[in-house]
Each structure stands twice: as C-alpha cells, then as structure tokens.
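First comes one chain, alone, set out as structure tokens in the form predicted on its own.
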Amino acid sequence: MLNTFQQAPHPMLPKASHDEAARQEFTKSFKGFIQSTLLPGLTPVYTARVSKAFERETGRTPQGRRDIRQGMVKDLYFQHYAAMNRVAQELLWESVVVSVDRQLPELNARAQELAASTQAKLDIPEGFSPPRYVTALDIHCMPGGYCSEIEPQDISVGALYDRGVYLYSMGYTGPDNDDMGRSVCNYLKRHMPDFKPRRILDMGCTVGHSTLPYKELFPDAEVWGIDVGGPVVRYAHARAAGMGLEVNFAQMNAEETSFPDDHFDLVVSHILLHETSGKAMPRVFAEAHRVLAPGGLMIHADLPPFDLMDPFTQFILDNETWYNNEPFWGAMREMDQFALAEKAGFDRAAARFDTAPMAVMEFAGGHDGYSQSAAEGVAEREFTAGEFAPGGGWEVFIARKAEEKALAA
C-alpha cells in the first residue's frame, strides 16, 4: 500500500522537482523501514534482555511504561531506533522546506486568487495571540510550527504541513491526507444514518485535511474549521477552494471561540487533544459543550488512551513525547475524558469511546467503507505497537449534549 498510494495533487500543493520528489520519497521509505524492520526488534530486545536486566538491578519486574523506558533507554538497539526516528523526522521536513521555499511567491499568489474565487468565509482577526503551548516549540519538529509568518498573508507553514504530514504518515492518511475525518464520517454514516447536522465545527483543523470530508458527506451543512495558526488557516481556505468545496475557516482558539451558544450540531477534532495542555483540554470540552445545540454531538478522534493498551504499547507510543516535540502526548492519554466531559456539562451516561476503522484500510481491503461487517473486522483487532493507528482504527470519544427537555427537567 505504501508504494501504491500517492498524495493527490491539488492547486495549492507544492510541486516537487525531480530531485525534491526523490528526496521526499526516500524520507517516506526510510520511515517505513524503521517501522517495519527496526521497530519489531524492540519486543525481543525487551523480553530477552532489558526486562531481565531491569529485574537484576531493581529486584522487581517492570511495572509500567516508565519502568520499561528506564530499562530500554540504556540499550544500544533502542538508542539506534530512537535516533533513526528523530533523523527521519528532521529529514522529511527538510526535504519539503526546499520545495516550498523555491515556489513560495507563486503559492502565496495562488492562495490569494483562490480565496477571492470562493464565497466561503475566512476570518483572521487582528492582534490574535496563539497560546504559548503551541508557539513555545516546533510541534512534531516541523520548522516554524503552525503559527510562524514570514510575510503578510503567508501560507508557507501550511504548504509545509500539507506535504510533510503525508510523508510522516507514510501514505496511511490517504491521497488527500484526510483519513481521520473520512473515517469519522464513515462511522457517522454507518452508525447514525439519520443524523443530518446543519452546522459543523472542526476544532484544530490545521490545513483542513479532515474538515473537508464533512462537507462532502453533509453538502448542505455550514462547515467551519478553526485553528490558532493564521498561515495554516489561510492555506486551508485556499486548499478547500482549489478542491471545489466551500468551507469556512477562522483563526480561533478552541478554548474560547466567538461562535454563539447552541450554534453547532456537530463539533469534531482530529488529533487535536494531544497538542493541547492539561489546562487547555478541559476548556476545549467546555467550549464544545457551549457551542453545541441541545442533542448535538462532540467527537474527538485521536489515538487510544493508555488504559486501553498494554504497557509496552504505551511505551512505544510515548516515544513521541520524548523524541518528536509532543510534550502533551503522554499526559493527554492519562486524562479522564469522561470526567472532563461531565464537568463540561455532558451526561457521563451519554459519553463513550469507540473505534472508527481507518477509511484507507477499508478501501485497501476492498470494502466500501460503510459495511458493518467490514468495520467490525477492523475494530475488533488488538492494538499493536508501532502501527500508525493502533488496531487499524482511530479511537473516538463521543459525547452528546442533553436535549432541551432534559435540561428543563
């Protein structure tokens, strides 16, 4: 699948030269090699060598991911694995930066042309200050992060993210980088066929990869994507226009938006929560509750919480915290999302975790993405350390806002 799925072109996607494309393909293949060849070796290294050494040194067996890490970081094999992972991450961004810088004036001009060609709204408020937990470091080592602007109306980090995240995912997010949104849309179509939201909000949309499938599934809905990064929001607006979809975008903080109360029927996010701080995440839940209409749904798609997986898988996933500039990755997976939802105003009995099978995996398996049997075949798999989406699906936290009658009672 890695050799057959290629990123689909669109008017805003940077066009790589022959040499640039070769370098980018190398970085994708290098990451694939690490995941398919080096990572599987960690399990026998741990069971045959590291766990025994830990027990000799401490007089007890490793009890959790922190104990496992304490032992593994001393092992030469793990050190090589971790170093290669970091090198691969930095190489992929470098391979794309060259391509973006070479054609940045052209991309900026095209973004403004496309923005002028659509009726969809773009709101970039003056004086907006992104939260420090986003600007203090380059998240997942992406140069400039989400918010850096080289010049007025800049979209450079949006272009960098669009191509770079495809390489990072090794093609597993699909030709349009939209697998998370498409997977959740498939889940809604499969499990809630009568659900027809009038207004949809995607929190932390970056360049709108996962936002657009909602407009495809619900063409009559008013769809908004928001993000704290101005450049990624501008890029998202132009990208959507270039792909023929009218979706509104705004630079806003998901902790405190400017939308009115009870405005949306569906509020979603895709891998947003692990990039927020421990203080921000409860505010995101509270804001989702505020802007949802009675009976509306909140769905956050991410990787599974740690209590749903074994300690060794936890350890593997937590390497993102240590080596890929994801400081809240591990902490987020330990937070009680049910308690957060309840505190925000949701009924705990109306909240649940579920699995949305990866749309790209269902497609590769010859399924239409909507059949119940195909979904169950993927969702019932055990989580596997090192998979892009453990278990072949995205973990979704779903909460429904109480109906007006229940509120009145």
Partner chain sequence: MTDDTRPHMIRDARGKRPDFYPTEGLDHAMSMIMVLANELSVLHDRLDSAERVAKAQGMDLAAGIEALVLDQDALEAREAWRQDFLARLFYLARKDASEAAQAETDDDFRSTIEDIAVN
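Positions refer to the first chain, counted from 1. Not measured: the values here are computed from a predicted model.
We do not show the form predicted together with the partner chain, though everything after this point is about it.
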Given that the partner chain is left out here, which of Val100, Val284, Val291, Ala111 has a heavy atom within 4.5 Å of it in the predicted complex? Val100
Name the residue from Met192, Ala116, Ala339, Ile150 that puts a heavy atom within 4.5 Å of the partner chain in the predicted complex. Ile150
Would you point out which of 206-214, 301-309, 139-147, 122-130 contains residues with a non-hydrogen atom within 4.5 Å of the partner chain in the predicted complex? 139-147
Verify the contact flag for Pro219: yes if a non-hydrogen atom of it lies within 4.5 Å of a non-hydrogen atom of the partner chain in the predicted complex, no if not. no
Taking the partner chain as it sits in the predicted complex, is Gln79 in contact with it (heavy atom to heavy atom, 4.5 Å or less)? yes
Is there a non-hydrogen atom of Glu94 within 4.5 angstroms of a non-hydrogen atom of the partner chain in the predicted complex? yes
Partner contact for Lys196 in the predicted complex: the partner chain, 4.5 angstroms, heavy atom: no
Residues in 313-347 with any heavy atom within 4.5 Å of the partner chain in the predicted complex: Thr321, Trp322, Tyr323, Asn325, Pro327, Phe328, Ala331
